[in-house]
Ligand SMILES: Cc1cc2nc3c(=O)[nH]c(=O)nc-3n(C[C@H](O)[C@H](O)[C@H](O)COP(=O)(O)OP(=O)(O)OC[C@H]3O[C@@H](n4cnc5c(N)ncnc54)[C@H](O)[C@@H]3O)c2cc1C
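The chain below stands alone and is given as structure tokens, in the form predicted alone.
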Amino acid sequence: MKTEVAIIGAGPAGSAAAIALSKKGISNVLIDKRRKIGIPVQCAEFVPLNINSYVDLNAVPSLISQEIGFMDVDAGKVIRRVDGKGYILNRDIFDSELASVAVGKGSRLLSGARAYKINPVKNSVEILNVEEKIPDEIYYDYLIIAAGPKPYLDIPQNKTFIYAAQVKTELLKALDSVICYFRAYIPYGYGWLFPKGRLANVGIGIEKSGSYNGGFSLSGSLSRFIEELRAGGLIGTKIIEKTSGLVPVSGLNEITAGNIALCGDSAGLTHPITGAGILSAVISGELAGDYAAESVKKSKNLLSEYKEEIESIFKKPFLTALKKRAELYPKMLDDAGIAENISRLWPSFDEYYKVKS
């Protein structure tokens, strides 16, 4: 099979790229190992209000589970409310809808197809149908990798991760805010309660790559966090589903290599402190698609300009976040350290942006 652009991964980044390519009349194939796009959901599902600049959520009401007015930052002895307007998505519907839009505009979707080998010399991707075990090979002019945090090819990629675990459970108290919790038993990360009507996504993320873990396991910390929320009368005892995943927090990767562009989690485009990545996935996917399309049309590789634009948007704030993470998380391994440093760590606070004297 021959296509002008092949895309690995039909999440928000890959589908945004496919939509951008198809709008410009560029043939593209969207490859995803999942048989049903959007399943399973490995995400807390919150997006900021300005997602509407890229995806009109109101055009498909089922994309939105709940509107959010605030963010509450719970540092133990103090809870501070900050601006946090946005939406809790139905992420399964969101991903499926974006892929459907791409197909509707002319993209070819290969679901249930695992990309297991990339040959940059031949400009080809070898794929395998996960059910029928039928191999195929796709030849491309340009390749976009939007396949999550794990590495493809010998391109410098994510080195540091948050290990996240989440449950969906009953919400006993109606909320119009998302809540982020900072506790000593959730080191180098945080817990969250994101409401979905009568349900809630409850989870934690812990960086496990160093010796500073203090003996806390992911499962042990999650159990303790769930018990704290139950004792506070926020959630019930029924667990509806569980999920887990990796969130890269090492900042921007090398995002181009010849005629290959990376976007979304593959490019390290998740915020090194908050872990937020849906909006940046959509932005980077759209840009990757645009620059790949222009490269095809002009018969000239313009992906270096894609890299420059991504860096102009994300490099400075991500470097700030990396410095904050390295400086402040070691000071937040007890209740006193959390209370003293939270406003300098979390980017919703004005103090986060003040230069330390």
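Sequential numbering from 1, following the sequence displayed. Everything quoted here is computed from the prediction, not taken from an experiment.
Quick note: we don't show the form predicted in complex with this ligand, though the next part is all about it.
Undergrad: Even though the partner isn't displayed, in the predicted bound form is Y142 close enough to this ligand, meaning a heavy atom within 4.5 Å?
TA: Residue-level check for Y142: no, no contact with this ligand.
Undergrad: In the predicted bound form, does Y306 come within 4.5 Å of this ligand, counting heavy atoms only?
TA: Contact check for Y306: no, nothing within 4.5 Å of this ligand in the predicted bound form.
Undergrad: If you check in the predicted bound form, is A146 within 4.5 Å of this ligand, heavy atoms only?
TA: Yes, A146 sits close enough to this ligand in the predicted bound form that at least one of its heavy atoms falls within 4.5 Å.
Undergrad: Can any non-hydrogen atom of Y291 be found within 4.5 angstroms of this ligand in the predicted bound form?
TA: Result no; Y291 lies far from this ligand in the predicted bound form.
Undergrad: Have a look at R81, K105, R114, R230 for me and say which one sits with a heavy atom within 4.5 Å of this ligand in the predicted bound form.
TA: Selected option: R114.
Undergrad: Of these, I26, A44, V55, M332, which has a heavy atom no more than 4.5 Å from this ligand in the predicted bound form?
TA: It is A44.
Undergrad: Let me test this: is every residue among G86, K324 and I342 within 4.5 Å of this ligand in the predicted bound form, going by heavy atom positions?
TA: Spot residues vs this ligand: no contact at all.
Undergrad: Just to confirm the contact call: exactly one of 133-141, 218-226, 241-249, 169-177 touches this ligand in the predicted bound form at a 4.5 Å heavy atom cutoff, so which is it?
TA: Every other range fails; the passing one is 241-249.
Undergrad: Residue by residue through 1-26, tell me which have a non-hydrogen atom within 4.5 angstroms of this ligand in the predicted bound form.
TA: Sequence-ordered list: I8, G9, A10, G11, P12, A13, G14.
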